[in-house]
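Heads up, what comes next is one protein chain in two forms, each shown on its own as structure tokens, labelled structure 1 and structure 2.
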Structure 1
Amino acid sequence: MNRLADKIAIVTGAGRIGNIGVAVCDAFLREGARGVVGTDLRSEDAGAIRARMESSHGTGRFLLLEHDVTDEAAWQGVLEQTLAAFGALDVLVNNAGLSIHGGIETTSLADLRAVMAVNHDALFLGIKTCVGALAGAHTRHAGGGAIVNNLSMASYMSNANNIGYHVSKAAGRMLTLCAANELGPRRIRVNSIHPGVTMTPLIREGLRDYVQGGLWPSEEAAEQALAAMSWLKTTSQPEDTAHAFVYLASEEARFVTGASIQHDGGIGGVY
């Protein structure tokens, strides 16, 4: 409790029930964050997510904004609304993500650019927009400002059928390092988390596609096959993955920057 006492955070990709972004917002509020601003392109789950946060954490601590992370002007709007509501910003979580399957010959340039825009360019826009506000965080917290980029083990592993996702997540890792290097003197820490298989609606949809394509006989068999790939022989739940975000956002990680946390049960253990 209270590992994020008095902190104010923006978390992108937090508009879908059962996903990592919602779990991170929930965990931040549980750990005493004063304000959390979730954002997402989609809005169909917004009412239910707001109701859940209010019933668990009381009123006035959570905002959910419609936001396209690839739109620079929209980022400015999110920052302004955050400062208007809570007066400061301490933590930026770049979590929104997009995957469009395909290899070199089967991926259009438009699809490649769409994936790069969400998984890489948007991280750049978010950091660029929020850096001024985050630089003030050290006046309130010894650990200063924190940026946490949700990448993937795809940053490190190749895939013959998902080029845009893997290339964009690898680029996100280098962006994390460059930003950590540049922003360290301003007391802003920049780190990345690399989840393995986390059972969100996105993953379940993917499994359904594989079952329909005949790769596995059922969704249960598909999940078991993915679990078997990890050293711990299991998958993660969004609530477990959220713990890693709490750590990097907290004062406990005040000497940690440029780090890459593999939260993958060992699936990428070859690295």
Structure 2
Amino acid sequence: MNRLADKIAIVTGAGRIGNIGVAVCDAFLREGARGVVGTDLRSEDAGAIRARMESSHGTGRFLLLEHDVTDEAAWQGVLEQTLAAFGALDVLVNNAGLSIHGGIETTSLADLRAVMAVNHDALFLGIKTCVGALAGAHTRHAGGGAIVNNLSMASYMSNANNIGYHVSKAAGRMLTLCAANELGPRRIRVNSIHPGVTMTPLIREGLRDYVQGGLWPSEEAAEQALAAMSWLKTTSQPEDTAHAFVYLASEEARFVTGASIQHDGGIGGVY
């Protein structure tokens, strides 16, 4: 229960009940993080999330900030507020994501750019903005700084109905490798986690889109079909995935960089 003792983290995409970002914030605090800053553009669940974190982990350890991850100035503001509140930064979790369904002929260039901005460009901006602060983490923790990108199994798999999401996640995988190569000498580890079907609000919205498009008769049928693809014959919950983020942020992973963890129940076993 103390695997992240005294660590400070920023976690994007942490503004909706039931998503991976909220589960990661919860897990980090449970594992002893001194401070966690969750961010999200959507804030309708802000009050409930703050209440949940404070009731479970006490006051003064969690902040939830409104944040457009595609805005470089907004990134600088989040970093400044994090340093003002907690004095340091040890872990950056790039978790925010966007999906707009469509193939080559049905996806507009504007939609493609919007998805790329959130799923790829924001990773670049977050790393670029936070690298200076993360470089100091090795003076406090033997494992140095840690960046964990949530990239999805979509980064390995093609999809004729969701080109923007899959292309952006694949680009994020290469960005992770390049950053790991460049930042290793500064004692910053950069890794990615590739969830399979995790029942988040974003996934449920996607299932509704597929049902409306006639690919499945109902959301229940869609979830059952996706579960059947898993070697474990089930889908994942956000709390399951959060354990992988804890590992990569912890000192247990201090010699792990450039790694891609498939947290997918076996769906990607052929890739």
Ligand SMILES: NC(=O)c1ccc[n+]([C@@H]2O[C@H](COP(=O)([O-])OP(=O)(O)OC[C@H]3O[C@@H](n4cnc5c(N)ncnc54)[C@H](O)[C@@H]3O)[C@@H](O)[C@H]2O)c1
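Residues are numbered by position in structure 1's sequence, first residue being 1. Given the structure is predicted, the values throughout are model-derived calculations rather than measurements. So that the term is clear: the rigid core is the largest set of C-alpha atoms that superpose within 1.5 Å between two forms.
The form predicted on its own is represented by structure 2; structure 1 is the other form.
Relative to the superposed rigid core, the position of the CA of M229 differs between structures 1 and 2 by less than 2 Å. The Cα position of E220 changes by 3.0 Å between structures 1 and 2 once both are aligned on the rigid core.
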